[in-house]
Structures are given as C-alpha cells and as structure tokens.
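Two forms of the same protein chain are encoded below as structure tokens; each is given separately, as structure 1 and structure 2.
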Structure 1
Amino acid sequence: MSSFWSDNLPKLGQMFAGIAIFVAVLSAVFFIAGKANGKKQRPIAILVFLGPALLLLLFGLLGPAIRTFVLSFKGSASHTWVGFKNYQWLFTDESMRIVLRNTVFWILFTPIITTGLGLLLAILLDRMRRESVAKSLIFMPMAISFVGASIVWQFVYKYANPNQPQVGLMSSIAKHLGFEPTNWLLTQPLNTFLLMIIFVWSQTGFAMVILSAAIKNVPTDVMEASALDGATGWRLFRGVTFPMVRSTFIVVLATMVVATLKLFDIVRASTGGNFGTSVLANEMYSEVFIRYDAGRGSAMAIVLFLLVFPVLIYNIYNLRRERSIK
C-alpha cells in the first residue's frame, strides 16, 4: 500500500505543478504585456496571443511533416538517400498489396455507411416525439475508445471449438440458426468487414447528431410548402430534405473519410494487423516502431497525407465560400 502511494503521489504532484507553472507563466506574460501602451500594444498583443500556438504548430506539425517528407526518400536508418525506392516498395510489394486493398475497402465502405446510417437515424429522430434516450444510446459508443470497442466486440466475435459452448454472440446466433460458427476474426476478407462494423458502431452516433441538428435547421415553411404541393416520403426527402442538408452531409462524410484513413486502434487492438487485416496507418506504426524502418514508415505517412489531400482542398474551398457569404 505504501509503495503504491510513494509511486503515484509524485505523479499527481507533477500534474498540479505542470498546471500551476503554465498558469503562472501565462499570468506573468499577460501582466507584463498588458503594461505596454501606444504603438507597441498591438504587435505585442499579437505576439503573446498567437506566438505560442504558432510555435507549437511549427515544431509539432509543420516541421515534422516536412521532415517526414524528406525521410521518406531515405533508407531505414535515415543515413542514405534511396530516391523513390520506399514508394516503389509500398506499391509493388506482395505483403503491401493486402494492406492497400484493405485501406481501399475501408475508404469505400465505412464513411458512406456511417454517414448514411447517421442520416437515416437523424430523419427518423425528426419523426419522433421523444427522442432523448434512444439518441443517447446510439451516441454512447462514440465516448468509448477504439481499444475498449474492440474488447466489447470480442464478445460478439468470440469463437470456441465446436465441442465447447459458444460464448460469442455471433457464434451463438450462427449455431442456433444451424450454421457452423468459424473463427470469424481469422477468416479473410470477412475479418476486415467485421472490424469495419466496430467503426460504424462507434461513429454512427456522431454522424447522426450532427445531421440531426442540420435537419432541425431546415425551415419548417419549406417543408410545409412542399407538403402542400403534395410531396411525400421519398420524393420529399430527395427533393427537399436532402438538398437542404447536403453540405452538412458532405462535411460529415469528409470527416469520416479522414477518420477512416487515420484509423489505427481498432486494427491494433483486435488483430494486431495480422490475418490480413492491416491498414496503412497500422502498417506505418509497425514499420517505424517494430521493424525500425523510418524510411518506409515515412513513405506510408506521406501516402496517407496524399489520400486526405483532396478532402483538405475541398474543405478549404468550402470554408472560403462560407466566409464570403458572411
């Protein structure tokens, strides 16, 4: 017991010290900078307000991103230049083919399923009189970590030998329906889709909540006018509801594409990337921190970046349009 506290109290001390120092430094800077007057006031304010953020972004994201780009043209220990060899390996190696295929599967299926399901739920919620509990239940998995989610789903996908009781929900249901359950997570390419279900389960609530807010913002008179014109059901949805929430739908879809590409935890915690389930983001981690090849790992990171690049361009285009409307 005493060793527990002697191990852990200092950690809490570090936390409070860290926060106290941060607040103290900030207050001191504010106090001193606040004394400035006249012409110096504006530039000093800009420096104090924006300086820390820019410095952190420069050393934490921009600089490292450029460095990764450089590293991707170097060998495993970053000593020699190898030109495009890492990229060539990435796109031609036999083992990478499965990784790239899985990554493509993930991008093709998960964002659209998640966002589509989210939209369906948002529309249904709009029909309901009382929505809060069901909505919260569907939203809840979003607060669960992907590692936690993977363990939660172990109890669905778990498989035991045929002579033993099936304690996994899916195996048990399969058995009751008369199918022979198999080791689902080892079966390719089914396992990749099973991992996708975990993502969909986790993120649908997010899509639903954002789209639900967008639908609530559709002016009632528009809906009423179209209803008077006789629009119902599918036609009302296609002609009125969807166009009104289209921009939000695309924003959510883009967010899901990016989240899918960065996805690492589900694969890591469920299968460790084995049994043909690896994706680019997971393989990148393995390459750098397990096989110690910073060159190949960096090349993968750059490919990831290039894949999200169109989303980035689209987002900036959208933001500029929005701001010009304001």
Structure 2
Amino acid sequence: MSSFWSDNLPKLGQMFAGIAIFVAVLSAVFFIAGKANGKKQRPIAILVFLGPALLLLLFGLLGPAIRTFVLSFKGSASHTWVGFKNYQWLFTDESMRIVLRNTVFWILFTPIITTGLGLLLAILLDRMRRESVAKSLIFMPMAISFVGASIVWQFVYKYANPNQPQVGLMSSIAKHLGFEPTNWLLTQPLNTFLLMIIFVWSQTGFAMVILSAAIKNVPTDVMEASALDGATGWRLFRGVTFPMVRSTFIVVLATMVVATLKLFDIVRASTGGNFGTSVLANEMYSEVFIRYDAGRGSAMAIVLFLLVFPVLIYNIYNLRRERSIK
C-alpha cells in the first residue's frame, strides 16, 4: 500500500495542481470581465466565452490533426521520413484494395438505404393510430451500441455443421426452404452486406424520428391545398412533402455518411475485419494499435478526413442556402 501511494502521489499532486491553476485562471478572467465596462466589455466577454473553447479546439483537435498529417509521411517508428510511400501502399496493396472497396460499398449503400427507409417509415407511420408505439419499437435498436447490435445479430447469422441443428435464424430459414445453409460471415462479399444490415437496423430509427418531425412541421394548409388540386399519393410526396423536408433529409444523409466512414464497432465485433470485411476505420486501428505502424495508420486517418470533409462542407452550404431562402 505504501508503494502504491509513493508511486502515485506525485501524479495526484500534479493533477490537483493543474486543476487549481485552471480554476485560478478562470476565476481571474471572470473577475476582470465583471469589472470591465464601456467599450471594453464586449471584447472581454467574447474572450471569456470563446477563449476556453478556442483553446480546447486548438490543443484537442487542430494540434492532433496536424501531428497526424505529419506522421502520415513517416515510417512505422515515426523517426524517418518516407514521403508518399504510406499513401502509395494504401492505394496499391492488394489487401488494401479490398478494404477501400468495402469502404466504398458502405458509403454507396448504407446511408441511402438507412435514410430512405427512415423516410418511408416516417411517412407510413405518420398515418397510423398510436404511431408513438410503433416508432418507439423501431427506435429501440438505437439505444443499443454497435457492439451490442453485432452480438444480437450473431444469433441471426450463426452457422452450425450440417449434422447439427441450426440455431441461427438465417440458417434455419434456409434449411426449412430446402437450401443448404452456409457460414454466412465467411462468404465474400455477402458478409459485407450482412454487416451493413446491422447498421441499417440500428440507425433507421434515428432517421425515422428526425424525418417524422420534419414531416409534421410541413404546414397543413399547403397539404390541403395540394390535395384540392388533385395531388395525392406519389404526386403529393414528390411535389410537396419531399421538397419541404429535403434539407432535413440531406442533414440525416450526411450524418449517416459520417457514421459509416468512421464505422469500427460492427466490423470489429462481428468478424474482426477478417474474411474480406475490413474497412478503413478498422484497418487504421489495426495498423496503429496492433501492428504499431503509426505512419500507415495516420495515412488512413487523413484519407478518412478527406472523405468526410466534402460531406460536411456540402451540409453547411445546404443549410446556409435554406436559411437565405427563408
């Protein structure tokens, strides 16, 4: 016990000293802000409220981003410069081509299916009685982590030898229909799409709730006027409902794209990235924390950032355009 305190007491002292310095500086800043008046009051207030956030942004986000960019041009031990070799390996290695292909598949299919299914459910449930019950059931998987969802779906994709009873739902259905069950998570590229189903099942409720709120915000007089003009069904959705919720649809779609690009949990918990199912985020983790190659892992992080950045820029542009129209 004495050795524990002797080893950790200096660290605890440093931690409490840092907290004390932070509280003292913050108290001094607020004291100065309270005493300020006249023309100095506004810039000091801006400094007080924005200063800590800018410092956290600088040291917590911008600094690590710059360091990651620098490390992407270094070797595995981060001591020697290798130029663009990490990026060359990323786009030319055969195994990495499979990873990039899977990432493209995830980007192309998962966000569109998730957001489209959420919009469809929002429209259908909006006309139901006691819609809150159905929406709660559909939204419930959102409360489960991706790891938990992957464990749940393991019972769906589970496969047993032909001489044993099939307890997996897919294998049982296939056997009942007269087909020979297979080890679903080992079959390429089917296994990648089976993992996508887990994401869709988990996130569709989120898309449905956001889009349902947007649909309910559509003015009733506009809907009634369109109905009087003969717009019903598909014509009403295409000409009135969807244009009114387009901005919300784009925001949800962009959110799903970002969630897809940083996806790690489902792949890691289901297959560990084996059997041709790995994606960029999973490989980045493997390179940095398993193979201890910070250079290649940093290169993957930069590629992920470059893929996310246009989505965020377009999202901001679309929101500003919608505000200018209103």
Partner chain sequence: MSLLTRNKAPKLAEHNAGRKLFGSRGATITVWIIAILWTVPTLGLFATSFRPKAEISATGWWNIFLHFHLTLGNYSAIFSTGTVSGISNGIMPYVINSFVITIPAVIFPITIATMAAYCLAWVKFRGSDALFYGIFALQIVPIQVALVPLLNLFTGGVHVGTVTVVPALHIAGTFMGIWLPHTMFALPLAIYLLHNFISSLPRDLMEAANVDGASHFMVFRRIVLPLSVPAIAAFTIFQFLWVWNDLLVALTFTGGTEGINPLNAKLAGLAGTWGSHWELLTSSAFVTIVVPLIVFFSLQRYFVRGLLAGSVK
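We call the rigid core whatever largest set of C-alpha positions still superposes within 1.5 Å between the two forms. Keep in mind it's a predicted model, so treat the numbers as computed, not measured. Counting starts at 1 with the first residue of structure 1 and goes up one by one along its sequence.
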{"query": "Of structures 1 and 2, the one that is the form predicted on its own", "finding": "2"}
{"query": "Rigid core superposition, A20 Cα moves 2 angstroms or more between structure 1 and structure 2", "finding": "yes"}
{"query": "Shift in Å of the C-alpha at N318 between structure 1 and structure 2 after core superposition", "finding": "3.4"}
